[in-house]
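Take a look at this single chain, the form predicted alone, given in structure tokens.
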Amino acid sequence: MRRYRVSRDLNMRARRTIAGGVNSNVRLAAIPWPLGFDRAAGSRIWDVDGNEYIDFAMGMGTHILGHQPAAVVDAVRRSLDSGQLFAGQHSLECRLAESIVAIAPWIEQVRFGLSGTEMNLLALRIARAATGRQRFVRFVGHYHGWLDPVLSSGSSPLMPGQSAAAMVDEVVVKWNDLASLDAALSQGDVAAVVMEPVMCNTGCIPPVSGYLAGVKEICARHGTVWVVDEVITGFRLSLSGAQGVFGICGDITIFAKAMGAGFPIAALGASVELLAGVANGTVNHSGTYNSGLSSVAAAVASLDELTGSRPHDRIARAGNRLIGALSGMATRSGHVLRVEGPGPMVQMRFGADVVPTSPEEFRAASDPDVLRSFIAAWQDHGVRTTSRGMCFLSAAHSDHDIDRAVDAAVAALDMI
């Protein structure tokens, strides 16, 4: 506990004026308490106690280029000489939109916002306006933001304070199951299907062979708008995201996280036809901070760097080295560590030697208590990851980082 004494004191101070001592409930699960951080650079982060970590949390996936990437920081610094928020138009937002359309050619136009949550809500609004329908389909285990209309999962009760009306328009079906999706859309009145192309919020589960093509066909047959939520996978799984990797594109695409390299920005992309209502003002999309200068400058620099340096193969190799080294490690107590994912993001779990294809299978094959103990021990040995065992790789992670993380994992496994 002495290792985290200053963080403990900071958390106790924060609790006096900040509810729970944190500003996102995800951070409540930190071990042994929410840590305070002083600085970060490249693949490393330092807490207020002076402890140094190899960082695999990476801003919950935002830092595709690592902490403080020079190109992004310099671009933001230059933008501040011009201002921070015009509440009006500027040339950088045109450049960013042009970059996205060039990278993802199935997109014709975009709108910018601050978060994936709000872009998901805009996508549903656009789909309803375009189809004249009301309901939408989502999948068990997927996550599309914390606001009421998209928070419930169908597998658990509504959270305290959440509107009971939130589930009225929602139809929840199983992931990787085309029959359940077809049955849901056959009922009619479904405006949109919204999904993660790789399920990143319950394990790291890819679509089974033919699944995305099947989803596209079913949506087209029923006249339903397919919304692909690439908040995590966008610009991370590849330059053109999961849709580029799988060669299947949706009707509406949502980007965030890696797009801004740590700065708050998100994008919704679609056809001119689908965005016509937004363009003429009949479908409302507003926001004071939309296309703020510093965030747009960060996103332009991030996409320029990703396009120019093409680090995705290197990031995937680093992740696959981590997967290969950690997979199947057994502790003296008999626990077995399983590591799964496409490389740029990696999910750890303890449990059965199976390959889950659904959140139900993932949960049944996982021991969260052992995982939590391992995360705490790995942190004690200088490696930080997310509280659910997801690791995000970046262009800043080196082979040396992976080797050190694996050595730390061996030591951590011996402690649990």
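Small disclaimer: the values here were computed from a predicted structure and weren't measured. Note that residue numbering follows the sequence shown and begins at 1.
If you look for the form predicted in complex with a small molecule, you will not find it shown, but the lines that follow are about it.
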Answer key: of Gly269, Gly241, Gly203, Gly116, within 4.5 Å of the small molecule in the model of the complex (heavy atoms) is Gly116
Picking from Ala318, Ala298, Val231, Ile252, the single residue whose non-hydrogen atoms come within 4.5 angstroms of the small molecule in the model of the complex is Val231
Which of 231 to 239, 209 to 217, 169 to 177, 89 to 97 lies within 4.5 Å of the small molecule in the model of the complex, heavy atoms considered? The stretch 231 to 239
Considering non-hydrogen atoms and a 4.5 Å limit, does the small molecule approach Arg138 in the model of the complex? no
Closest heavy atom of Tyr143 to the small molecule in the model of the complex, within 4.5 Å or not? yes
Is Ser291 near the small molecule? Define near as a heavy atom within 4.5 Å, in the model of the complex.
no
Checklist entry - Do Ser302 and the small molecule share at least one heavy atom pair within 4.5 Å in the model of the complex? => result no
